[in-house]
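We give structure tokens for two forms of one protein chain below, kept apart as structure 1 and structure 2.
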Structure 1
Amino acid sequence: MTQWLRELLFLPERASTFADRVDALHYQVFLTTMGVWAVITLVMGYFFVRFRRKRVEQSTEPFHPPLSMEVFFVAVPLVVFLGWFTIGFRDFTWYRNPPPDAIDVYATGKKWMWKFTYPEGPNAIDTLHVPVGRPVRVLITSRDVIHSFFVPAFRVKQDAIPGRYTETWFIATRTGVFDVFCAEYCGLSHSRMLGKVVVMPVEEFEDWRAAEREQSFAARLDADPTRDEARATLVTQGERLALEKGCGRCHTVDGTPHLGPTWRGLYRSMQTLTTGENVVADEAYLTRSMMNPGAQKVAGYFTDMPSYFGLLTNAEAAALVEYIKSLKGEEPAPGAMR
């Protein structure tokens, strides 16, 4: 039945756990819609035949609907629609909360391509490799205008907004190659901003990633053997940047607060803001703290965090975020690498 419905509705094959949820609700909505239409058509058809006009100036009696009928007319759509809303909202909440053990990938939209970056390499243009059966979180931003990362087979979509990070995630349920589209109109070649997601078995994915990393190290070393940071991962890049940009004047990495809060154990911790609000220090929050620190200030600090907007590129911000994320737990860092 569901297979048949999927084909009838031209839905792409389902390749993520979220897709199963979406389609289940979609079928319910679709069947109800058709049912409603059929009932209304039948009732109208019956009335049409039964109450055809017989005389030109035929007179009719007014009919005042009883209260029960009015209540019925309000209650039925209300209950049905709120029911759908509840299921949809439940699924959406689930979708908006990626599990903590998800693999992270950065996706950057740019006219007119997607760049995918793993925190510790490699990079790829337009093709995203992911393991099957593992949660993968995609942290999305854009370097120019708004784009939207859309994988129909996973039923996921998220706008890529310049100057901030948004996220989506999925667990791919089958291996294969799936289309990536840009769903937000972004100009001339919007319709050619195409990508692919390659879903691989886990071991194959690990092998692929290791091989790619080796290869890109080699390639970069070849290009410039003197540059030590050619080996740099996002984390070590971030560490270097923190030095260069002088974040250390106010932040520590050993767990003690200085002019600003420490970065150790900051990621995913709960921060109390000057407004009294509590927020989780996720990627979006960390990025905002650098780009627009005035928006959400941590309570208890007298110095103002300077804005690094325009001073840090998106890639640098991502590297800093990765570095902060790598500073877990209480004890001093044995090494910056995860």
Structure 2
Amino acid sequence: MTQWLRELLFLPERASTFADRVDALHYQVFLTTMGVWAVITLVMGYFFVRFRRKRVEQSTEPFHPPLSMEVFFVAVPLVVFLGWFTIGFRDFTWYRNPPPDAIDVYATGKKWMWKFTYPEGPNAIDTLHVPVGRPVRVLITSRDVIHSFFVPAFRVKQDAIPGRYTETWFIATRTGVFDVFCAEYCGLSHSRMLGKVVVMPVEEFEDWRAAEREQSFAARLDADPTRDEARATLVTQGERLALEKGCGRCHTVDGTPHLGPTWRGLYRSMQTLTTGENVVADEAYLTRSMMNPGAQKVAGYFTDMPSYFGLLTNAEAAALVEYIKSLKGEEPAPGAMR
């Protein structure tokens, strides 16, 4: 039945847990809609024949529906739509809360390509490698205009916005190679902004990542053997960037108060803004605070932070975010940046 519906609706094959939920809701809406359409069409046809006008002077007799009929015709559609809402809201809340053990991958859209970065390496262009059966969270941004990360087989689509991080996640249910498209018109070569998701067995994925990481490190060392950061992860790159950009003039990493919020334990914490609103300090919030710090100012801090929009690349912003994330629960270290 589902195979027939998928082909009827021209849907690609499902390859993620989210695709199963999306299609199930899609089928319910489609079947219910078509069923109601069929009933209405049959009733209309019956009325056209049964109550057709037989004489020129014939008039329609007045009809006053009972209250029970009005309640029925209001209650039935209401129950159907509330059922759809309940299923959709359940799936929406499930989708907006990725598992805590998800593998993070940074995806950057650029005219006209996708760049994928793993927190501990490696980097890849237009090809995202992921393990089957494990949750993967994709943190998405753009270097120029708005793009949209779209994997039809996974039923996931998320906009890539310059200066901000959005996120999507999935659990691939089978191995294979699946298409990635840009679903937001972004210029003349929009149709050629293509990529691939390669879903691999877990062991093969770990072997691939280790081999690619070593190859990337070796290439960077060959290019400049004096660069110690050739073997740096995003966390150590972020720590170096924090020192170079002078972040320690306002932020601490050991929990002590200063001109700006401390970075220790900041990630995923609840922050109260000057507007009274409470927000979670996730990747999107941290990135927005770098690029547009005046948009969501934390209550109790009166120093205006300068914007780093255009001063930090997306890769540098991602490194700083990973460094802040690594400070969660960390004990103060001797000589820590103050």
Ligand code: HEC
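Only the largest set of C-alpha atoms that superpose within 1.5 Å between the two forms is called the rigid core. For residue numbers, the reference is structure 1: its sequence is counted from 1. Since we're looking at a predicted model, the values are computed, not measured.
The form predicted on its own appears here as structure 2. Once the rigid core is used as the reference frame, the Cα position of G35 differs between structure 1 and structure 2 by less than 2 Å. Comparing the forms between structure 1 and structure 2 on their rigid core, the Cα displacement of L266 reaches 2 Å or more. Relative to the superposed rigid core, the position of the CA of A295 differs between structure 1 and structure 2 by 2 Å or more. A C-alpha shift of 4.7 Å is found for G276 between structure 1 and structure 2, based on superposition of the rigid core.
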